[in-house]
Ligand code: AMP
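Heads up, the chain below is alone and in the form predicted on its own; it's given as structure tokens.
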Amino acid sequence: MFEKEKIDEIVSSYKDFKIATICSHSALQIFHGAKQEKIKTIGICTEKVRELYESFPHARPDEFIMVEDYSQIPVKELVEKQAILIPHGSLVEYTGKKIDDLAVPIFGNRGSLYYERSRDRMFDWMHKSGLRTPRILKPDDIDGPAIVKFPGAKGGKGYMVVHSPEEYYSKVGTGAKTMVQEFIIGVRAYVHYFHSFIGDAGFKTTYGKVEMLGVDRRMESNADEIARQLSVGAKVPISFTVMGNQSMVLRESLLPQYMDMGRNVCNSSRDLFGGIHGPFCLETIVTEDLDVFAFEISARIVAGTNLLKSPYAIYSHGFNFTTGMRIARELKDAHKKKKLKEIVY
């Protein structure tokens, strides 16, 4: 892990700052949010998608750094331009373990991305937060519907459901690195949080406050169209590749539980790696008995926030406040108060 003290030295040399990210995942929202807060932006971009990001005037980055592929993060150029890098799912996927050692300031705590990258570490984090989780199964212990997940942030691609050890080995084989989770029946709810050292909305944590900014559910192919397929007699195995997102509003009686869950995740993160900061998401399932199971933490902005509008953000900030805007506002306020070093690593 790149030394925090060296990141602090880099940040201390900045007279101002720009927001940078790779042009994918939730970049349009991040650039748009920065523009709302009058912060300059840098898009790390490939030639293949440049036209797309130039085509949205209110979400276009102020300048581009062109790369051949997104595993190439132009660290030296970003530091020269006084950039702070915003992590999202595509950046995490393309850089992998290299993100630990990038010599550029990253918004939040890269220790949280280290915990997200390993599902074993992630489940340890969730258990230390007191969250209820699905059972984790060894292949030989599969005794009913179970979902098989592979490493990385791939938007559900490749996930599959199996019902027995025999089916697992026939589909996956031996030696594959997977996590097998009990399949919970219920409604999926992906809750978007934001932890702030300096904000005034949300539940108190041991080192700040945590807000709820929105909730979405993912539209997965072909899981969300399975009824249509079955009705025409198609025999297609269920799949979970994310195609998009839909906004959700939770029944109000569930909100205290979800706010407590967000707070507990923040409090335990401080003990584990110094604290999560900025946006994160708890991926959950609510059963018919209103039991809430958490099955994943995304320790950065998620694509479900691209819906842009949520009553929870309005309740917290008085107007439609996107996660992209919330990131920009937090960085701007921290810069004014000379506290950037507290929220970047």
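Position 1 is the first residue in the sequence shown; the rest follow in order. Worth saying up front: this structure is predicted, and the values here are computed from it rather than measured.
Beyond the structure shown, there is the form predicted together with the ligand, which is absent from this document and is the topic of what follows.
Peer 1: Verify the contact flag for Tyr258: yes if a non-hydrogen atom of it lies within 4.5 Å of a non-hydrogen atom of the ligand in the predicted bound form, no if not.
Peer 2: No, Tyr258 is distant from the partner.
Peer 1: Give a yes/no on whether Gly156 approaches the ligand to within 4.5 Å in the predicted bound form, heavy atoms considered.
Peer 2: Gly156: yes, in contact with the ligand in the predicted bound form.
Peer 1: Determine whether any heavy atom of Lys149 comes within 4.5 Å of a heavy atom of the ligand in the predicted bound form, and answer yes or no.
Peer 2: Lys149 belongs to the contact set for the ligand.
Peer 1: Arg188: heavy atom within 4.5 Å of the ligand in the predicted bound form?
Peer 2: Output for Arg188 is yes: heavy atoms within 4.5 Å of the ligand.
Peer 1: Quick check on this chain: which one of Val92, Val104, Leu131, Ile184 has a heavy atom within 4.5 Å of the ligand in the predicted bound form?
Peer 2: The residue in contact is Ile184.
Peer 1: Exactly one residue in Arg117, Arg218, His88, Arg263 has a non-hydrogen atom within 4.5 Å of the ligand in the predicted bound form; which is it?
Peer 2: The residue in contact is Arg218.
Peer 1: With the ligand left out here, work out from 279-287, 312-320, 58-66, 33-41 which stretch has heavy atoms within 4.5 Å of it in the predicted bound form.
Peer 2: Among the candidates, contact is made by 279-287.
Peer 1: Going by the ligand in the predicted bound form, which residues of 238-269 come within 4.5 Å of it through any heavy atom?
Peer 2: Heavy-atom contacts within 4.5 Å come from Phe240 alone.
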